[in-house]
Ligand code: BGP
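Listed next as structure tokens is one chain, alone, in the form predicted alone.
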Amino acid sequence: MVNVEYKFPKGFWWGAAASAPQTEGAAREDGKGQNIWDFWYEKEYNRFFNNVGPEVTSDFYHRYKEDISIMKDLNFNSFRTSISWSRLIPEGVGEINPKAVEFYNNVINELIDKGIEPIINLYHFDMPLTMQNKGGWESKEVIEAYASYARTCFKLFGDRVKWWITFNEPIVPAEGGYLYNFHYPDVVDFKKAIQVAYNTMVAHARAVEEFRKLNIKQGKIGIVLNLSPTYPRSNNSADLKATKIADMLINRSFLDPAANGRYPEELIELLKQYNHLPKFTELEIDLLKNNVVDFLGINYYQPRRVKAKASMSNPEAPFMPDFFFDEYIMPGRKMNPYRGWEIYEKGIYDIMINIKENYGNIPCYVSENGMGVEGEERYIVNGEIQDDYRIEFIRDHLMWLHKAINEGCDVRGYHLWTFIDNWSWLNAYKNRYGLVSLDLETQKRTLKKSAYWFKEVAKNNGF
């Protein structure tokens, strides 16, 4: 009998998250259309770490059976991945690719066959190039194309998939593509970023509306948000005000419309004051109000620490969110030096308490949490990566998650980012996150020490 000090609720989800563009590979195979990452890599491959693009990745397209078999061995009872819009509907609208339907049917059936609940996300940063050429999320036409794509997915796979996600981290394409130039189309324009963020939430609500119209029995639909609990440097009123604005811009601008069906009034006033309100219609406002989510996925990696601006922003520079606050670098903070991110385990607890107290304790799960490390081959002993740092990272976050559950937070599961070392946008394979190590040359999969540890946690529903 194993002594389990931290026991999780019955039926708790144990597993991992991934995405189509980061794992499938086969970027030019079987009729797949180009997405913005395929295009950007062709155009500027030097921007990608070690010039590694999205063509190979961990080759899930050909090796899904092997990978799902390993997941089964690790006692996963759930797994989140995404459908590639440009694989399923190569032009973004119109003809459906039969090879893609076959592939996703095979993956879903294989997961179910192995007792692993498929959680399927519709969009993970991979806009079809044809849709980007029509304006991407700046375009209302693309919103409708996405809603049509979502409806197609629900009809094709909704007889087996019970858990659907509209978007993973919708803030990232807005920030990366329109503010801080680490995603395509590589624009720096706060007003466009706000329109993109708003349109993405309208697209999300349209997908929820389409889902509800189809009346899929037992089906649930949600969204995955990367939430960074925001902490002030001090209780000084200037620091508190800066923190409140940062939280509104970065967390509440997505959380409030998704869970409550409306934007914070203070956010609307702030954007109005600076002439940065997005274009919207009353119909869209009603759409958001009437299509709140059934559940939330929460990605948590790091907190955000904020202080009041130390000096005025350059009046000649582009207007940016940083106009309202500065990052506060807290002395003595615990760091993941490879990613440059603070490790703050209690943040996961603070997020859940906030959801409980301010968002009706909506059912949620940790949809991503993990630690990326560069050069993990340094830690190989007898052929196995001794990633004790990852075990400690997961364990310490789970302890705080357990406390939140004990205090009444409706948390349904914990998914690690990620199952196998995967391709990560401009960073490619710089930082490795997997329980399973990938040899890019041979595609050989090798379990890390953390995989054996996680296997026991999932088996015992705790540790």
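Computed from a predicted model, the values in this text were never measured in an experiment. Numbering starts at 1 and follows the sequence shown.
The protein also exists as the form predicted in complex with the ligand; that form is not presented, and the subsequent description refers to it.
- Contact annotation for the candidate site: F125, N168 and W341 all lie close to the ligand in the predicted complex (heavy atom within 4.5 Å).
- Exactly one listed residue, out of N260, Q132, N299, N75, brings a non-hydrogen atom to within 4.5 Å of the ligand in the predicted complex: N299.
- In terms of contact with the ligand in the predicted complex, the residue from W40, Y414, F60, W417 that brings a heavy atom within 4.5 Å is W417.
- Segments offered: 434 to 442, 64 to 72, 419 to 427, 391 to 399. Contacting the ligand in the predicted complex at heavy atom distances within 4.5 Å is 419 to 427.
- In the predicted complex, the ligand lies farther than 4.5 Å from every heavy atom of T23.
- When the ligand is considered in the predicted complex, E368 lines it closely, a heavy atom lying within 4.5 Å.
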